[in-house]
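Next up is one chain by itself, shown in structure tokens, the form predicted on its own.
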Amino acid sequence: MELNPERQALLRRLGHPFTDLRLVEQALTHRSAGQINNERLEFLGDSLVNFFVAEALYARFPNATEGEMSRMRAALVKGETLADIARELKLGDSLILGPGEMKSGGFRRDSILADALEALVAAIYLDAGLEACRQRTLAWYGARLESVVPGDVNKDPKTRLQELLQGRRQPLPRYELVDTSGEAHNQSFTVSCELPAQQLSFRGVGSNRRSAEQAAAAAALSHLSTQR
């Protein structure tokens, strides 16, 4: 079986060399496109994502309460977060949708993107086992997982970064649009977040400028969390 160029590029972004390409095809197929679709894979992937995130939070925050860990996990595994990760991977370009969903722009709908990402998690698990799946999933979360803090999950990364820098009496970050790519209906934005005091710059990608700024701020927070 051979994938088209868009899906081959997606596999490179995912970072997993699939042995069984049929799993990729199924994971990307929405129920509107046929009987063999990604619903069963999404069911399995949802449980895997919850497990990997819970495990990572348990290890990262040994003093956090059950309630704090539950709130952090909920913020990390919610559909909006999964859809943002899917957009960073440009997953929408490779979805297999029925004519109706294609016409209505299903490739940019949060629920469809989130379900497809979870289905891909399950596909990696079935293709290569638990450890390979854990590594890939946590790599996609990247700065989001590194920057989450108990008690702060209701604050977005830009707000937390601003408060952190103010607490350290440092200049506030500067955000700049670096690049815009893709079709008008499916654009990708790249934004830089510059920290003047550290003379460092971090980049984030999103489906709009706001989400790209949040991703860049999360990357900056992840770095600062290691600089005590």
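Quick note: we count residues from 1 along the sequence shown, nothing fancier. All figures in this text were calculated on a predicted structure; none of them were measured in a lab.
This next part talks about the form predicted together with another copy of the chain, which is not shown.
- Between another copy of the chain and the residues A75, A132, M102, L126, the one pair within 4.5 Å by heavy atoms in the predicted bound form involves L126.
- When another copy of the chain is considered in the predicted bound form, only one residue from L200, L172, V178, A54 comes within 4.5 Å through any heavy atom, namely A54.
- Mapping the unseen interface onto this chain, L41 counts among the residues with a heavy atom inside 4.5 Å of another copy of the chain in the predicted bound form.
- None of the heavy atoms of I36 is located within 4.5 Å of another copy of the chain in the predicted bound form.
- A residue is said to contact a partner when one of its heavy atoms sits within 4.5 Å of a partner heavy atom; P62 meets this definition for another copy of the chain in the predicted bound form.
- In the predicted bound form, another copy of the chain stays beyond 4.5 Å of every heavy atom belonging to S32.
- Contact with another copy of the chain in the predicted bound form, judged as any non-hydrogen atom within 4.5 angstroms, is confined among 67-75, 105-113, 92-100, 141-149 to 67-75.
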